[in-house]
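We begin with a single chain expressed as structure tokens, specifically the form predicted alone.
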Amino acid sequence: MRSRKKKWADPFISVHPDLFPSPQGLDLNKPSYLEIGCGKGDFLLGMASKQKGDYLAIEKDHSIAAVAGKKALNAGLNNVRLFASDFDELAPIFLESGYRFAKIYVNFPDPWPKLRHHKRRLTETSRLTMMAKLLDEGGEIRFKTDNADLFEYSKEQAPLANLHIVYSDDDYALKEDDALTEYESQFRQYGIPIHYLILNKEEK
């Protein structure tokens, strides 16, 4: 669903370079985490407030990214940085800059249900391969969706990207080391099952 463009979003982003920095040359503390498609930031803020480390978050919709940024600012969190951009653009920059992540979170991405659009899915093989390159040794990709077809597709794509399925759950109950997204809160309220995957790099 497209958001309504907020006129204040781009000015807000431009006057908060500490919160919305350049993707190059960041000084990341360990452990560090990446969320791809953070939406309005509920999961991001929930995790950043309970788990030590630096959190980078990508959200290509500038208006939504600005909402997440405003929430982080109001919460006084200094371990969060956001990028109003696209994963395909940022991933090569992160890789070249040497950023590596203990966990990469992909929460409720667009399922792109039509077959001709499957190449746009975040869990398509080439994107999973790039995520794997951005993992620290022993790092994990954690994926949540309400879409059963996307879930099965993602399980099929994982081994093609040399990723091992550590954990798979068709009706996932929230754990202590996790946080709710805005969508997830609604899904759980209506009894919609959450599908959950944990992936890591296969040992050579």
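All figures in this text were calculated on a predicted structure; none of them were measured in a lab. Sequential numbering from 1, following the sequence displayed.
This protein has a second form, the form predicted together with a small molecule, left out of what is shown; the following refers to that one.
S.K.: May I ask whether 31, 136 and 200 all come within 4.5 angstroms of the small molecule in the predicted bound form, judged by heavy atoms?
M.R.: So, no: the whole triplet misses the small molecule.
S.K.: Please name which of the stretches 66 to 74, 151 to 159, 23 to 31, 53 to 61 has residues with heavy atoms lying within 4.5 Å of the small molecule in the predicted bound form.
M.R.: Of the options given, it is 53 to 61.
S.K.: Though only this chain appears here, would residue 122 touch the small molecule in the predicted bound form if you measure heavy atom gaps against 4.5 Å?
M.R.: Because a heavy atom of residue 122 falls inside 4.5 Å of the small molecule in the predicted bound form, the answer is yes.
S.K.: I'd like to know if residue 10 sits close to the small molecule in the predicted bound form, meaning any non-hydrogen atom pair within 4.5 angstroms.
M.R.: It does not: once the small molecule is placed as it appears in the predicted bound form, residue 10 has no heavy atom within 4.5 Å of it.
S.K.: Test of understanding: in the predicted bound form, would residue 163 fall inside 4.5 Å of the small molecule by heavy atoms?
M.R.: Contact with the small molecule, no.
S.K.: Using the partner position in the predicted bound form, report whether residue 38 sits within 4.5 Å of the small molecule, counting heavy atoms only.
M.R.: Looking in the predicted bound form, residue contacts with the small molecule include residue 38, since a heavy atom lies within 4.5 Å.
S.K.: Here the chain is shown alone; which of 129, 85, 97, 78 has a heavy atom within 4.5 Å of the small molecule in the predicted bound form?
M.R.: It is 85 that has a heavy atom within 4.5 Å of the partner.
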